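One chain comes next, on its own, written out as structure tokens in the form predicted on its own.
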């Protein structure tokens, strides 16, 4: 039996197990096998591990103090498979990103500086820089926040996250195909899609093009026979078009994500209605890296998103999700175009996890 120290945290609308990279690597070089056993995968219930049996609660955050002076923390995100023995390293999770600054401050990797401390984070999955502004009232680490976000019934510490120059971090271009619109097959017919890479690769479909209004609940989308499979087929086509996989069969489960968009609701509370698919299911709220991609698409002429929305005079875009309205902001950070979004974070528990057997003997495919 081996033991692994971990911290359980909520970041945005996700729950994440957070590991010090040195502690995780002490258990062996195969991080994926260790994580699969810790989370209890593959198993739809993850009953013999710490996974939450949903895509938003089967996530790992691996952190270490940065070794270069331009950033404070190196952050690796892992989406741990549930039904399959697969760990996906292909993208970042914007929601889980929100825990990094708080964790680093608590560990003493970063010292508070006044009422608001800036933590510069490098996401190793994509190479992206994330600049986090974490409240430190009176120059102290504060964990008892009072800010609310859609999709979470309880408050947390509000963290504003800036994504500077987010275009093309995975594929090398904001529009990987060179066009603001492409044609993909949905149920045997061609539909328009916008393929965008900013924060994370995302394939965008217009709701009307796939027989939806855009306002459907996740349960209503899931209940339509064959719809999720058909949408995943479109997503896999997009993976090939974006150069993310050699063929549709080898497309990763988490990359690219797929967003279905429509105009804002009649209430006027938002500018764009979004339903996003992640890991084969409808996201209960919105992947934050996906919101960055949609925001960049909104300011790019000719995209499906730009057909519906553009930022207001203050650079804001309001996105209606199944859990409420997420607001993004287009601005400038240190002279560089950037997208900002506020998430909340909270520490749930510190734990010592028991890991049976030798991780090196645990099989499993890794992507």
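Positions refer to the first chain, counted from 1. Since this is a predicted model, take the numbers as computed values, not measurements.
There is another form of this protein, the form predicted in complex with a further copy of the same chain, and it is not shown here; the text below is about that form.
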Q: Please determine, with the chain shown alone, which of 175 to 183, 213 to 221, 148 to 156, 110 to 118 has non-hydrogen atoms within 4.5 Å of a further copy of the same chain in the predicted bound form.
A: 148 to 156
Q | Residue among 328, 321, 46, 303 with a heavy atom within 4.5 Å of a further copy of the same chain in the predicted bound form | A | 46
(Q) Please tell me whether any heavy atom belonging to residue 42 falls inside 4.5 Å of a heavy atom of a further copy of the same chain, as the geometry stands in the predicted bound form. (A) yes
Q: Examine residue 143 and determine whether its closest non-hydrogen atom to a further copy of the same chain in the predicted bound form is within 4.5 angstroms.
A: yes
Q) Is residue 50 close to a further copy of the same chain in the predicted bound form, meaning a heavy atom pair under 4.5 Å apart or at it? A) yes
(Q) Does any part of residue 22 reach within 4.5 Å of a further copy of the same chain in the predicted bound form? Heavy atoms only, please. (A) no
Q. Quick one: which residues from 3 to 28 get a non-hydrogen atom within 4.5 Å of a further copy of the same chain in the predicted bound form?
A. 3, 8, 10, 13, 14, 15, 17
